[in-house]
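Shown next as structure tokens: one chain only, the form predicted alone.
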């Protein structure tokens, strides 16, 4: 697929992009990132993603402040190269130094990297029919609210899901608390209420998650931000995932157990319709 990168403002094909070997994002995961969906040439929820990027930068004390310049550079690539349906990947690192040290370099010179890539959406059949997921222990660090590039536990969970023939892994803590997926947020319907884990350092404050909460309230759906537990799974009527590229994706099976009657439920479908109407109005 066609993809154009920008490294500190220099545009080139993604396959030709080069990052210094001593870049701290490469060595330590000392970096934060965002992924944004582009519909018909327009970045979706761009402002919200940039707000979260700023929050992540501040949380790790990374001295990058040119978010408005970044916005202009991203929009220019989308326009100049004619991207319509695409994804944007943005990564800001603390930059490179002359040798490897754990402590921050003084001064730090951040590296700005992003690319825009054509996106061919293959998930629509699954949005209609639903997906299988597995449960998996949560092995991540205690600041999941920072969208950092330290993703090895997520990678291992996602790989376990693939090996099980599932789309995603739902992460749970030792007490059985379900939090989110390896790369998605998770919602459930229990006793007529739409539930999702509250925004704490234990989860990423998903941009699509926040949008779905807003859409649910606009639709008059009862919402409560509280965790589900593994013991709740036999009783949930519906489950779904949310994410930038997943959008709203029904779950019809968790491990070996069907969710409800094994089909996407009515609340999930209402929210999918509201989401699609919002995208079409861009």
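Residue numbers count along the first chain shown, from 1. Note that the structure is a prediction, hence the values are computed from the model and not measured.
Omitted here: the form predicted in complex with a small molecule. The next part is about that form.
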For the three residues 24, 93 and 149, verify that every one has a non-hydrogen atom within 4.5 Å of the small molecule in the model of the complex; reply yes or no. no
Which one, 195, 116, 157, 207, lies within 4.5 Å of the small molecule in the model of the complex by heavy atoms? 207
Among 127, 132, 183, 73, which has any heavy atom within 4.5 Å of the small molecule in the model of the complex? 183
Options 77-85, 208-216, 93-101, 106-114; stretch whose heavy atom lies within 4.5 Å of the small molecule in the model of the complex: 208-216
So in the model of the complex, does any heavy atom of residue 243 sit within 4.5 Å of the small molecule? yes
Considering non-hydrogen atoms and a 4.5 Å limit, does the small molecule approach residue 33 in the model of the complex? yes
